[in-house]
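This document opens with one chain alone, in structure tokens, the form predicted on its own.
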Amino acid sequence: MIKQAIIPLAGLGTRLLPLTSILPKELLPINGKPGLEYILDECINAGIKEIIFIISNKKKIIKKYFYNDKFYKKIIKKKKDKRVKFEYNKILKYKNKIKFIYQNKPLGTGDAILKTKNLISGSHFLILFPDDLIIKKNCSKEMILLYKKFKCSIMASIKVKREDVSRWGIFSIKKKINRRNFFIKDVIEKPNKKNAPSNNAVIGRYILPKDIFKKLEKQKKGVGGEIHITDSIRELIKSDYNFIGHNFAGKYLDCGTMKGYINSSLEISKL
């Protein structure tokens, strides 16, 4: 069973400046709650027991958010505020599941994931990208159930407009399983409209095999001089590893842009 999750948090969040000049984008409030907590709740409710945060020295405030015990204890002792005590107990629950590892040079998602190699114990693990919120349905839980049935790697997918395919990694479909799931033939990064093999786009949820670390160790730098997790996934597919694309049932919210961040608060406030 999938018991470990990785959440890459080392990015600078430049698309959300000036808000992120002081506070990491993952701690920005979305309807009164840090965006990162929605991701943590998704993990915990999906049965994840250990969560690995990848941060940088510039984002140590994320660690402080979960280790600010003296501050909370002082407030609770002085004011005996039930709301503050509730929030502190919630943070303690998160902290007990979190480990931290550092990526201080921005060398790409593949490099970030590789740094967790010695912490992963199971044959497969979950990755969640915090810019991608999925509400109304627990995408990670559904993917773990799918893994339990097929015992192979899984990537979350959304159907995008044909004219927007150049913004995404797009799946080439080998075989449909049912209405929401299909076996993946390939993943093509940002194809043009004419060459896109489908309109099923990669979104920030992955169940990957531990074997991907072997590919990442040998992975050459790709677009932008970075090591991309997608390039190593393609290598696994070429080596006959089965991957399933999962068109999830929840509502996708892009929190990585200013427009998306504002819209996320509006959408979640309606729940």
Ligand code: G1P
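Please read all numbers here as calculations on a predicted model, not as lab measurements. In case it trips you up, residue 1 is the first one in the sequence shown, and so on. Heads up, when I say rigid core I mean the largest set of C-alphas that superpose within 1.5 Å between the two forms.
Just so it is clear, the following notes concern the form predicted together with ligand G1P, a form of the same protein that is not shown.
203 is the sole member of 236, 51, 203, 208 with a non-hydrogen atom lying within 4.5 angstroms of ligand G1P in the model of the complex. Scanning 189, 87, 164, 81 against ligand G1P in the model of the complex with a 4.5 Å heavy atom cut-off leaves one residue, 189.
Here the chain stands alone, but in the model of the complex its contact with ligand G1P, taken as any heavy atom within 4.5 Å, falls in 126-134 among 126-134, 69-77, 87-95, 139-147.
Although the partner is absent here, residue 56 sits far enough away that none of its heavy atoms falls within 4.5 Å of ligand G1P in the model of the complex.
Interface membership of residue 168, defined by any non-hydrogen atom within 4.5 Å of ligand G1P in the model of the complex, is confirmed. At a distance threshold of 4.5 angstroms between non-hydrogen atoms, residue 219 is out of contact with ligand G1P in the model of the complex. Heavy atoms closer than or equal to 4.5 Å to ligand G1P in the model of the complex belong, across 72-92, to no residue whatsoever.
Fitting the two forms on the rigid core leaves the C-alpha of residue 104 displaced by under 2 angstroms between the shown form and the other one. When two forms of a protein are overlaid on their rigid core, residues whose CA moves 2 Å or more are considered shifted, and residue 166 is one of them between the shown form and the other one.
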